[in-house]
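One chain comes next, on its own, written out as structure tokens in the form predicted alone.
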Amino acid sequence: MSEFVIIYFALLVIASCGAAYYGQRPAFLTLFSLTLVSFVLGIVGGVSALQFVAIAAGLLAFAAGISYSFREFLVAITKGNLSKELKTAPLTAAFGMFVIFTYAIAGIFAPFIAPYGEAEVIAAAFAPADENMLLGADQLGRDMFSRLIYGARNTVGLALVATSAAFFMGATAGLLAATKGGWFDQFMGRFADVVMSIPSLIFALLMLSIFGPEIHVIIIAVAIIYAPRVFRLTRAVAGNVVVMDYIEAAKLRGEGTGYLIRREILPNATAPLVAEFGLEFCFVFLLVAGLSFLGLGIQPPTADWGSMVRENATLISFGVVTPLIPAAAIALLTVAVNFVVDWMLFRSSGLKE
């Protein structure tokens, strides 16, 4: 039995006993469950399996510590009800907010963070990582780390703009349909059904094949694809609000459609709409990355995570995980946004009470 195995199980047992002694039941159950799982994996997979479990547990503990610290930081710099809400936020939501904050910093300050330009050739093709290139070079000799940082600005920025356009179109149409009703409501509902019946990827590929893979074409195509989904949710949420007595009272006072939407409906529908924005962003983000992987999204030499996976996919055959890094960046942001959206949906559902 190696020293690693002895130290590993000794630490787990000591930590489990300490959690039990101080009455920390959730921590005790987690630590002792990890001890039992490690015991079984150690028998089956040996020291290598225990090392993998130790690394995974260390990463989870590090992520939990970062999440807790970031949550306390947000609580300290905010006031009032927002501070109280953040205090009760789960660590998963805090982790999601930290990841989103990190991506935002990387995108905004990309020229200052990246050591090289996104299209600057500095080495030979597929050069290995060294002191100048943290992740090595791509198929043209460009710094992968720099392109990864610039990709945060380009890929996430395009997805954010496209999501905002889709959300504006769908939410505006849904609010008007719920407020006006009648033939306008019926027409918009049937139009949304027709658009939603078209497969999103096929529609996007068709639009980009006809008009070319330009940025504005991508934004328009994505907005057309996802606006009906936003319309359906907004129409359902606003439809539950327009039947309230205070809406009827506002109509009897002679208030117009703009006033009803701005002052009466939106304040009571903000939470589910904000959560829907986060969900739509995930869908749009994955669609934009998928289009770039197929060669019809953001065009070279602009850095984009989807195209980076496609361009360097041959490295996987040689056991190099560099192409998986932009794919991991896509997955991490998607999971982080979903963590925050789940927390917001929990808050707006009233289950906390």
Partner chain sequence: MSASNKQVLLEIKDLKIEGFTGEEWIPIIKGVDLTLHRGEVMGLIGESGAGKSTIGAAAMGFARDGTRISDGTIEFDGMELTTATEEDRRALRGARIAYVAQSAAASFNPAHKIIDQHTEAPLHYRIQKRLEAQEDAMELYERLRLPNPQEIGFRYPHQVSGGQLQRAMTAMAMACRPDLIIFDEPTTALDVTTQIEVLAAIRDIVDQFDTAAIYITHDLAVVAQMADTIKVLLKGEEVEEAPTKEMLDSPKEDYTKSLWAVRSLRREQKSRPQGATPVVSVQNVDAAYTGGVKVLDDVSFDIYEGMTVAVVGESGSGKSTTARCITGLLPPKKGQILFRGEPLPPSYLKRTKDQLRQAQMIYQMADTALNPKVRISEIIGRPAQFYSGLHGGALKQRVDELLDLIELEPSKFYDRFPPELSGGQKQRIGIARALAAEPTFIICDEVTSALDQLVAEGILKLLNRLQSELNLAYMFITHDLATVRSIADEVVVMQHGRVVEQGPKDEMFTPPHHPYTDLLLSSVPEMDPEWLTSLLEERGVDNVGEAANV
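These numbers come from a predicted model, not from an experiment. Numbering follows the first chain given and starts at 1.
In what follows, reference is made to the form predicted together with its partner chain, a form of this protein that is not presented.
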*Verify the contact flag for residue 181: yes if a non-hydrogen atom of it lies within 4.5 Å of a non-hydrogen atom of its partner chain in the predicted bound form, no if not.*
no
_4.5 Å heavy atom contact, residue 245 to its partner chain in the predicted bound form_ = yes
*Is there any non-hydrogen atom of residue 267 lying within 4.5 Å of its partner chain in the predicted bound form?*
yes
*asked:* Check residue 263 for me: does it contact its partner chain in the predicted bound form (non-hydrogen atoms, 4.5 angstroms)?
replied: yes
*Of 117-125, 104-112, 245-253, 213-221, which is the one stretch near its partner chain in the predicted bound form, taking non-hydrogen atoms within 4.5 angstroms as near?*
245-253
_One residue of 73, 259, 168, 191 in contact with its partner chain, assessed in the predicted bound form (non-hydrogen atom, 4.5 angstroms)_ = 259
*Determine the residues of 310-340 with a heavy atom within 4.5 Å of its partner chain in the predicted bound form and present them in sequence order; the list may be empty.*
none
